[in-house]
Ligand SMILES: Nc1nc2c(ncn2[C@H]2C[C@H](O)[C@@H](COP(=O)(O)OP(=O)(O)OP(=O)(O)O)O2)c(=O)[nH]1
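A single chain comes next, written as structure tokens; it is the form predicted on its own.
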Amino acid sequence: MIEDPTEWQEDDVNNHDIAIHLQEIASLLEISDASVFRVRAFRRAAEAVEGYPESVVSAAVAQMLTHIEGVGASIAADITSFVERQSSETWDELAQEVPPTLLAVLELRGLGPKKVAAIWRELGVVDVEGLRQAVEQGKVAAMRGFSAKSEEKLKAEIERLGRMQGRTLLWRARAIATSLKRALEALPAVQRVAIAGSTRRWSETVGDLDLLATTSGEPRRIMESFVELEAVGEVLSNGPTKTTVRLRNGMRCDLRVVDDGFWGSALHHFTGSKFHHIELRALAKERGLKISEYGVVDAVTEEFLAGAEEVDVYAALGLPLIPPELREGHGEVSAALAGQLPELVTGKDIRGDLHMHTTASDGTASIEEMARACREKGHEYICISDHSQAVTIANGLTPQRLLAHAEDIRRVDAAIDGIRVFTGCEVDILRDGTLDIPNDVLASLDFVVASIHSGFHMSAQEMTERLLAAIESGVVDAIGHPRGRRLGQREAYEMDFDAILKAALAHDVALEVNASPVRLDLDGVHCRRAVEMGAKLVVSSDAHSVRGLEVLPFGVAMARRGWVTRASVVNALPLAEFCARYDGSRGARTP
């Protein structure tokens, strides 16, 4: 079955990391005014690596990289170098010519490599801070290809990027923390290692990393080994039981070695959040107790009551164990006291994945490849939901192509045992709220996801009416990535979310919890509101490759942060119940 969020792990270096490295090289080449053919070669290789269905690291170890279409001998050498030392000769050479800090400038929407190159050469700007100063002085507007309006947009973009300053997306933070955890677990004297902090709570973005360990030997030995890890760039402090480092990727990481008897209380303390601890300390005080990283003690006698395990810490306060995802100070302590904590949905509850793409649009795997991969993961059913025609950049399907594609899906469904493969589509919601595929075509499909991929800058009223029209169409089963955000890139669009929920409930349309690590949409806050209103949710991967299916635990984590139970998730239904519910009678189902 699918693993739970708490069990999800990522490779030390994965296909996405390698693809990003190759894209960075391509960008640096373009800024340096290198040959367009060389730039394209790296971009093609990055796309090939991103969509490669197997581990590129394994291909590098087996010296089979050139078997990947688009990867020649030279780029293969760069990939191998990156796998070994998280850099490459080409990147190192370019970094001597072009300031790598310009890559952060490229994260600003509206700036491509050509414009960044011009700003660097003409204004001497090498980083985001330098660009901010140039914008404030009106220097950018005076450049060819820019205007006062584009300068204002840049100013807003710089402010947006500033809000993300020092924050790392959850998927990346978990990958880094997992890599460090494995390295520590390999040390002979280490007994236990755990990831703590906001990473353990599955927060959407993470500031610093927190690791805890216990040892059968001297803590100092663990610290000595920790600071020598390849990932460590700078040692900020190094004590006998706590060491703080700055990793080569810029993140700060704290490692604490604790006594085994305080493991549970330390893990609880350093998991947070601050607001959760405030509520627990108030409760402890009411009960004549004190709680800290060193356990729960009697406030008068200082008698030690609990600390070895987290469950013991909560029990000493008269509480059940509160899952880390809920520890945000949002009423979880009161709910626990009242015996009203929800039984949160888990990865094992998810029976199918209802949003994924194939080579019919912008995916990299066939229908059969996606189906077989999902069967191996324990899914009972999936839905193939390729893009519709409005998304031309993604090779979206026309009505005729969609009907033919549906027949292909049905043939695969009939040919593969052990999993049902349903017909579907991710249909675009146009600006006026209409769908870009005729209703009769959509009605012939098993499950339809409707999403917005353009026209994000509308008033809240206009966007609400747009979404309501799709929900009320009678041919839509779910709204994909409902708030339209991309973490660190695009804010959620404005809408009347309660109005959307009321309509979704009335028309039996689920709202998606999109597990793509750059979306995580809906987030925990909006998941919880959906549950309060009685709306249904669907946790989907939005996978564009076999490897993309691995992100589903991130969607489960967002649902858990939103107090979601299995009963609220439509793809937690067993196959027979799902078929009975989605039997083609849209608009007639009982919510």
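Under this definition, the rigid core comprises the largest set of C-alpha atoms superposing within 1.5 Å between the forms. As the structure is a prediction and not an experimental result, all values here were calculated from the model. Residue numbers run from 1 along the displayed sequence.
There is another form of the same protein, the form predicted in complex with the named molecule; it is not shown, and what comes next is about it.
Remark: residue 270 counts among the residues lining the named molecule in the model of the complex, judged by a heavy atom distance of 4.5 Å or less.
Contact check for residue 464: every heavy atom lies farther than 4.5 Å from the named molecule in the model of the complex. For residue 130, no non-hydrogen atom is located within 4.5 Å of the named molecule in the model of the complex, even though that partner is not displayed.
Contact check for residue 264: no non-hydrogen atom falls within 4.5 Å of the named molecule in the model of the complex. Contact with the named molecule in the model of the complex, judged by any heavy atom within 4.5 Å, is made by just one of 198, 423, 389, 243: 198. Out of the listed residues 408, 259, 472, 208, 208 is the one that sits within 4.5 Å of the named molecule in the model of the complex by at least one heavy atom. Only one segment in the set 272-280, 454-462, 315-323, 503-511 has any non-hydrogen atom within 4.5 angstroms of the named molecule in the model of the complex, and it is 272-280. Contact residues in stretch 484-506 (any heavy atom within 4.5 Å of the named molecule, taken in the model of the complex) are absent; none meets the cut-off. Once the rigid core is overlaid between the shown form and the other one, residue 40 counts among the residues whose Cα shifts by 2 Å or more.
In the model of the complex, the Cα-Cα separation between residue 43 and residue 491 shrinks by 3 Å or more relative to the displayed conformation.
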